[in-house]
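For reference, the chain that follows is the form predicted alone, supplied as structure tokens.
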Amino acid sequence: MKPCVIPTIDRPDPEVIKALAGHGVATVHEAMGRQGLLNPAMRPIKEGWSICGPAVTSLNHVGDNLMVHAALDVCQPGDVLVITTTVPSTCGMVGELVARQAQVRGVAGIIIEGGARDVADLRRLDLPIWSTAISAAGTVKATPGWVNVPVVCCGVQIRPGDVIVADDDGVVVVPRERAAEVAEAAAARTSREEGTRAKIMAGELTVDLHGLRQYLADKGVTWTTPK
């Protein structure tokens, strides 16, 4: 495909995104059948952040962040900018000035399969950023790439408009056509966990709540006292 910028993408219903945002990455991942989780090398540069929004993708050549700048032009408030490169790289794709532009445009956060730099400034800026590396190595702006095409980021395919959910546990991708279904399943899981939590606080054990005592017995496990 020739280098291009696709300015318009299909985004899920904002109410569906809001519903997904009420659940953490672990819950969404489980609700989606344990699919869509990016490699755990993707980590937040600061703890305590939580974001949820539609993906705008930026596919760049190694050592070149030209298409990151182009992607900022099409980002809308609430979007999550997903940055990848054609082959693995640790170069600093986003620094303080790029991050400030994203913040001014209302971007919810940035996901980088690659490096971030100016990290002290980025943490003070408080724009949520996840990356696979921190590196002072800079980039040029020379080689055209792609904006809003499907990409593979940390082993998971991400299409423009897919929903990105990220927190301290990592990053999970929800296909946009499944967003409503997954939000409903996540809500049901959260409700079940609230019931379990109440029982735990009352002194019950999960070995009994989940029927694990009988399961262990069926597997030949016995409770013995060491002599």
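In this text, residue numbers run from 1 along the sequence as written. This one's a predicted model, so the numbers in the text were calculated from it and none came from an experiment.
What comes next is about the form predicted in complex with a further copy of the same chain, which is not displayed.
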Any of the heavy atoms of Cys91 lying within 4.5 Å of a further copy of the same chain in the model of the complex? yes
Is the gap between Gly106 and a further copy of the same chain in the model of the complex 4.5 Å or less for some heavy atom pair? no
Evaluate Gln76 for contact with a further copy of the same chain in the model of the complex, applying a 4.5 angstroms cut-off between non-hydrogen atoms, and reply yes or no. no
Applying a 4.5 Å heavy atom distance criterion, does Thr139 contact a further copy of the same chain in the model of the complex? yes
Scan 185 to 210 and write down, in order along the chain, each residue with a heavy atom lying within 4.5 Å of a further copy of the same chain in the model of the complex. Arg189, Glu193, Thr196, Arg197, Ile200, Met201, Gly203, Glu204, Leu205, Thr206, Val207, His210
